[in-house]
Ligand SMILES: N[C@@H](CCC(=O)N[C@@H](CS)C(=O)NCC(=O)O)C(=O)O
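Before any questions on how it binds or moves, here is one chain, the form predicted alone, in structure tokens.
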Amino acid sequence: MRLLCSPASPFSSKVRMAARHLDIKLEEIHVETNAGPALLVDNNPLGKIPTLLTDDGEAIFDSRAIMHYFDRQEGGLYPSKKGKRTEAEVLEALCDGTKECLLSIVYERRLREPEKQHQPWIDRQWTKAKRALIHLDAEPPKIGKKLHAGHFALAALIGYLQLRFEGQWEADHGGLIEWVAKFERHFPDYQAMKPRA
């Protein structure tokens, strides 16, 4: 299977870590979404990453659909008990939504001239992200014997914060820093697979 992705993308990171955890072999193809390469837009009309191209010629997107596809293929990404599964799915949704807020800030700053950047929009996205971080820091998910999709989503989120928002969040969120250190003990490939420039 081929994964159209980017090393800096937190959504790509989540999927890559999950695949490694499940021992799913992926050929990673790095794409620049702003360039709209044919391989990406021909398989995903939204032109977004990650996009998974299966050996059967199927294109699967977005990251949560890919995670559920992996779970159907190999199992183990989502708990079998309904309540625990819901917890994992809600955690994944919260982390993914937070990443969307952070990406909105990055794109606003990167793609607009400074005088055209809309600070109220940036502030609104950061406020939402901070609320999520406060919630996650106060109630970090437990790591038991098995890692699940929510764990990978949170690890990718923290990695993206470390990459793009260094020095802007750590002082208030020591619980998340402790959590990701614990996660790395369960998933030693974290440093190599977290979002990076």
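All residue numbers refer to positions in the sequence shown, first residue = 1. Nothing here was measured: the structure is a model prediction, and the numbers come from that model.
Although not depicted, the form predicted in complex with the named molecule is the subject of the following passage.
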| item | value |
| --- | --- |
| Close approach of residue 107 to the named molecule in the model of the complex, 4.5 Å, heavy atom | yes |
| Close approach of residue 47 to the named molecule in the model of the complex, 4.5 Å, heavy atom | yes |
| Partner contact for residue 100 in the model of the complex: the named molecule, 4.5 angstroms, heavy atom | yes |
| Non-hydrogen atom contact residue 62 with the named molecule in the model of the complex at 4.5 angstroms | yes |
| Per-stretch contact check against the named molecule in the model of the complex, the hit in 126-134, 147-155, 166-174, 47-55 (non-hydrogen atom, 4.5 angstroms) | 47-55 |
| Within 4.5 Å of the named molecule in the model of the complex: residues from 1-38 (heavy atom criterion) | 9, 10, 11, 33 |
